[in-house]
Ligand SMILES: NC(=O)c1ccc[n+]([C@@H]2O[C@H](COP(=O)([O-])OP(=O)(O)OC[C@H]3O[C@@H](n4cnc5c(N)ncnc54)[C@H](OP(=O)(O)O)[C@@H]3O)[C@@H](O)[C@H]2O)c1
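Taking the form predicted alone, here's one chain by itself in structure tokens.
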């Protein structure tokens, strides 16, 4: 089968012919019709991710058709159009993942291939209103944003949300989920074009976080109920000021620095703020997210669709942070 293989750190994503995966019981082989990139794939290529191993087929997001199953008792899955939950072996607790938890695409070969091997319990029937490309855009980014907003921050209709760094996959989903949930959403970005697109989608206001007094330009009266961030840059300390009493600040990445900046502890306890970490999501989170997608007939924001063989070109676009929404790969 054709697959996009990464042979080592800082090497290009190249298309190669590899053996089709062999199945065990309770596994399925999905013929991938479309896959999508995540920032995770970029960090693995840069060698800045835990548990690196090479060669590896990257890709956590994928949608396709079940081609084979590992046991005859599961034959009813064959031919089904499915979406894959890349959050594997989460465990029994809704509070946090188990020690066995991992994400499809490392250490297990992922979706940037003609076929992928996945556990049967990772399969979900694809929403009927979506194309394969649209469905493939959802899993990792959509799930990460869903858990951050609803399982961790407990977002409610009518609350005010600040989505920092809008434009990337997870932030774009956070914007969509919050809007469909009835929240009032504000955004920040480093590019005016991304703010413009967010406003077109329904955001109430947006500012450039590169502006000197960006906080003063965006803070609504009373502050924000929920603030979503993925960078943990120096600006994170400003969220303490922007959050309203009882507010929740959620972060699911640390792409800027890796560490929290110095924070005003007195304001945190006096305002009774919650600072929450979040990672991926549970099987329940994924099911709830898909129910939401079906109920509201949500379509994800797709920036560009590339042929599978152009995966390196797509990840370079991500490297330049040019995209608004997801970068999708079509598997022909």
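Residue numbers count along the first chain shown, from 1. Model, not experiment: these values are computed from the prediction.
The same protein also exists as the form predicted together with this ligand; that form is not shown, yet it is the one meant from here on.
Remark: of stretches 266-274, 64-72, 279-287, 50-58, the one touching this ligand in the predicted bound form is 279-287 (heavy atom within 4.5 Å). This chain is displayed alone, yet in the predicted bound form one of 250, 155, 203, 170 has a heavy atom within 4.5 Å of this ligand; that residue is 170. Exactly one listed residue, out of 199, 231, 240, 123, brings a non-hydrogen atom to within 4.5 Å of this ligand in the predicted bound form: 231. For the chain shown alone, residue 160 is not a contact residue for this ligand in the predicted bound form, no non-hydrogen atom being within 4.5 angstroms. This ligand in the predicted bound form comes within 4.5 Å of no heavy atom belonging to residue 306.
Although the partner is absent here, residue 189 lies within 4.5 Å of this ligand in the predicted bound form, judged by heavy atoms. Not displayed here, this ligand is kept clear of residue 314 by more than 4.5 Å at the level of heavy atoms in the predicted bound form. Contacts to this ligand in the predicted bound form (heavy atom within 4.5 Å) from stretch 294-332: 318, 321, 323.
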